[in-house]
Each structure stands twice: as structure tokens, then as C-alpha cells.
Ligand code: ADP
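The data below hold one chain only, encoded as C-alpha cells and taken in the form predicted on its own.
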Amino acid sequence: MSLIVQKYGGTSVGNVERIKNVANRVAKTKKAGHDVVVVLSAMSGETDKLIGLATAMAENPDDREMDVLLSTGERVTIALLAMALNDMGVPAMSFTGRQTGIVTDAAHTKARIASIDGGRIKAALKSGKVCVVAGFQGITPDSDVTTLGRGGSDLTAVAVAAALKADFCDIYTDVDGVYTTDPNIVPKARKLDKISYDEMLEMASLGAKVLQTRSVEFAKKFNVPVRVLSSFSDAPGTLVTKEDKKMEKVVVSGVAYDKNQAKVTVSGVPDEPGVAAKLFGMIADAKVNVDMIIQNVSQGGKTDMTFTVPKTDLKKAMPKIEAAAKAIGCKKVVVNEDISKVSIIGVGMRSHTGVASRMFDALAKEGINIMMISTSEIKVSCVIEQKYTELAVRALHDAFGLDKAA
């Protein structure tokens, strides 16, 4: 007998029929002799609907109250699934984040998990019940409701699996695994049988939407085997696991892209110690993540700084950026939202040379200009004009032969 944590996203529980389909899948796993914990998202579109209601009430809704509101979506789906399972003769019980014992910090709307007690879950499993847990939510030590940010149900599932020492954490989505790139752009994209935590972490952070970044970090930290599967078929999925020697033989495992990027250039920055710290410190105060940073060569004691931020955070970040620019005596701030980031990822890059030049050559052959470059041990990212995104993805996928099995 294994303990399996199953997570189902919003499309998987999008209506009554789909919730019943999930119930059938859960019942099948339970009848096969496994203990099962199910983590659910809200119905597809429900979180956006609640956000719409909030913004109709206030231009900038209070974060604490947003968490109280947004946490209701998952409560609906866990109750409905527990009802469906009980009606099928499969004993089940639903649990909110509070009842699961998920304690977080107080960073409302993007809280981080501090601990999971899981006592009630363990007791219910011992009594033979299927436990249905609300994803995306927890409580502070002061019992305030918190949410874990977009995609937070993935994090809940992995964290619960780690706390319970589950044998597997199965993430059910509307795709049947992790692909070498987006099949909507490259029809011959290939599904990967397995991928390392590090590669999946890079792909998730660089735009691939299969798994939430923080969930992959958590899985790696606690060595939780994660399987990405389809909730609409029984096709074998992709195992996210520890790196092995065979993985290192593959130079590039995938191509990711991210259109949610904006490029900000601050001109006339004084080339003095502490100026960059002041500029980016004020941006950090707005809780905005800065990604790629380039500083030009100093001329006449002045330089330009260019960096990227998520496009969705730009409105919140701009007042801070402009205030910081003014405070350090800069000339102007220029924003370009018509950009995207394309990236190649692979643990094999550690032991192979010439990967970056091969990438740059593939883009050059398509007439695609590179604005910014960022590298790590297992990835190379380029900022390009957004209109060339799909062309770049196809060119890189072909250049590294990703349609062919290793």
C-alpha cells in the first residue's frame, strides 16, 4: 500500500461532471489499496471572478481581505468532491488549510509555508477515509487566513506530500506531462519521461506553466517524487525527480518562453557605489522581482541600467522606479512592454561547450535580434522582440533536435 497525494487543477474540477470524473479516478486509486489525499484548486475561472468582485468594491483591495475572499473558491470544490465520494461509498472528509494545519507567514496573497501539522489528516487516513484538502491556503500563527499565490495548490500538494512522507505526489492537469516546449507552438514537441528538479525549476520560472515554481523548489528540498499527469486520460506522464547520469548526456531538455516581461531602462545613473543598491532596494520595497540586469559602460560618470520585471507587476513597480530614479538624479525612465524571454534549459550544459553560441546562431539565422542575455549553469535566456517569440521557439527546438528522443 502506498500513500499518494493527488492534486487536481481548476480545469479538472471546472464543473459538476468533471468533479465526478475526479471522484471516479480517486475511488479507483483507493480501491487499488492506496491511501489517498486529494488537493483541489477552485473551479476554473472562479478565482478571477472573485478578484473581479473585489476590484469592483475597491481600487486596491486590502490584502488580508483578499485572502479571506479568495480562499472560498477551494472550499467549494473540496466539499463537492467529498460529497461525490461519500455518495459512491468511498468514505471521504474535506479539510480547509486551517484544518490541515498549514501554517504560513503573514505575507498576504503570497504567503510562504512555515509548517504543516497534518495531525487530523493522519487520523482520517488511519480510519480509512480519503482526505480532500483545500489547496492555495493556510493560516498565520495569529489564525488569519492566507493564500499562497497563483498556482499555490501545486505547492500545497507537494508540501502535504512532504509532511506526510507520501510515496508520490501526482499533479493532474489538462496536459499529459512535461514537453520539450509548448506543443501549441511546436506540434512535434516531445513529452519527456522524466526531468530533473533543477530543469523543471528553470522551466517553471522561465514561463512553462505546468508546475508552480515554488512547488518544484519544495519537491527538490524534501525529495518528493512528482508525477505530472492528465486528468482526462490514463496516458503515462512525466516524473520530476533527482538528476541522474543519463540526464547529463542530453545537452538541452527544453525550450521555454515568457511573454509576461517588461524591459525598463533608467538613463543617466550616477556611476557611484551604492546607487544600484538604492535603486533596486526601492523596487524590492514594492515586492517586485527583478530578473535580468545590464549596466552599460560608464561615460562621463553616468551609465544606463536596464532590467526586466514581470509585466503584471509593472503598474505597481513604476511609481517606485520613478521615485528611485529621481532620488538618485537620473535623466529618464523608458519602458518597453513588447518583449519576451526565450530560454533553453538542460543539465547537460554543465558538461558541454558551445551551447550559447549555438543558440545565438539559431536566432541570428532567423534575423532575431537579442536585446539582453542571462545565463546560469543549466540555462541561457535571451530577451527579444515579442513578435518573434514563436519563431524563436521553433528555431531553437529544431537547432537542438528536441523532437528526437535521446
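Model, not experiment: these values are computed from the prediction. A residue's number is simply how far along the shown sequence it sits, counting from 1.
Just so you know, the form predicted in complex with the ligand exists too; it's not on screen, but the next bit is about it.
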Heavy atom within 4.5 Å of the ligand in the model of the complex: which of R112, K221, K165, K209 fits that? Just give me the one.
-> K209
Heavy atom within 4.5 Å of the ligand in the model of the complex - residue from D144, E322, D182, E243 = D182
Do D174 and the ligand come within 4.5 Å of each other in the model of the complex, heavy atoms counted?
-> yes
In the model of the complex, does M203 have a heavy atom within 4.5 Å of the ligand?
-> yes
In the model of the complex, T11 touching the ligand (heavy atom, 4.5 Å) = yes
Is I121 close to the ligand in the model of the complex, meaning a heavy atom pair under 4.5 Å apart or at it?
-> no
Picking from 166-174, 213-221, 286-294, 91-99, which part of the chain touches the ligand in the model of the complex when contact means heavy atoms within 4.5 Å?
-> 166-174
